[in-house]
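Take a look at this one chain, the form predicted on its own, written out in structure tokens.
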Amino acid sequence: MCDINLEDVVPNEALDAFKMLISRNNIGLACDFLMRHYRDEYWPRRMGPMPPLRRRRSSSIITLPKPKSVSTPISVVISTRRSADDFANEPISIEDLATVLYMGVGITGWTQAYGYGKYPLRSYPSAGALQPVEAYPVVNNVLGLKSGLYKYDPFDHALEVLRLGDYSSLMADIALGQDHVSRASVVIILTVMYARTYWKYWKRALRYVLLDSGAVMENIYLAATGLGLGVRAVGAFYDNELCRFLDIDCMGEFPVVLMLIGKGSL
């Protein structure tokens, strides 16, 4: 696992429980257990340069329209929010998509932090304001956009065009054959850039990036509900296949959840 002596890292009273989790191949709980029982003196911080918050992947850019103003009271949005069972074969507007992306992961202000005079503030709470979540819309049926894979750039409120084509069936296959995935107008794939959070919180980074992702997921739920759209989160997918589709390594950047958005079926 690493070149550190576990007896030095984990207190004696916790060591047996940690070894038991490893022996049962329960790696997730073992990692969480280790994170909660570390000793600071054996886990020195190794902070180097801060990873960048912006990564451009394409020179082909589509500027999005301004987000819509959603007038539905937040109390109504929260109380009526539900996961859509399925989606109608109808398009949503590019304004709808722009609004969901902005409210989900958009830049809503600026501050001074980490030595930067202009540092972005996002629509979701983030551990250390390190903002690891990336959004990749897979467009199937959006007015004003060709079908294909895009990446959202919150700095310019724009889409980077990564690959055009109809990927609705592929997305359903990757999502363990769930047919309703293919009928969503857009599938927003949420990934995390692990190094951004690891840079500061390395022993707790996995927990924090998942918390950040959950906040984004709920933002998207509420934004779509406020727009009168159907929305559904899907956490079941083949990770390696999805990473190949996104052309990411599944380590430094990995997918967390698929957000399906479209007109709900009656």
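What you see is a predicted model, and the numbers here were worked out from it, not measured in a lab. Note that residue numbering follows the sequence shown and begins at 1.
What comes next is about the form predicted together with a small molecule, which is not displayed.
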property: Candidate stretches 50 to 58, 194 to 202, 232 to 240, 65 to 73 - the one whose heavy atoms come within 4.5 Å of the small molecule in the model of the complex; result: 232 to 240
property: Answer option from Asn89, Thr108, Ser169, Ser83, heavy atom within 4.5 Å of the small molecule in the model of the complex; result: Ser83
property: Met217, heavy atom within 4.5 angstroms of the small molecule in the model of the complex; result: yes
property: Contact test in the model of the complex: Ser182 vs the small molecule, heavy atoms, 4.5 Å; result: no
property: 4.5 angstroms heavy atom contact with the small molecule in the model of the complex for Gln178; result: yes
property: Contact flag, Tyr221 vs the small molecule in the model of the complex, heavy atom cut 4.5 Å; result: yes
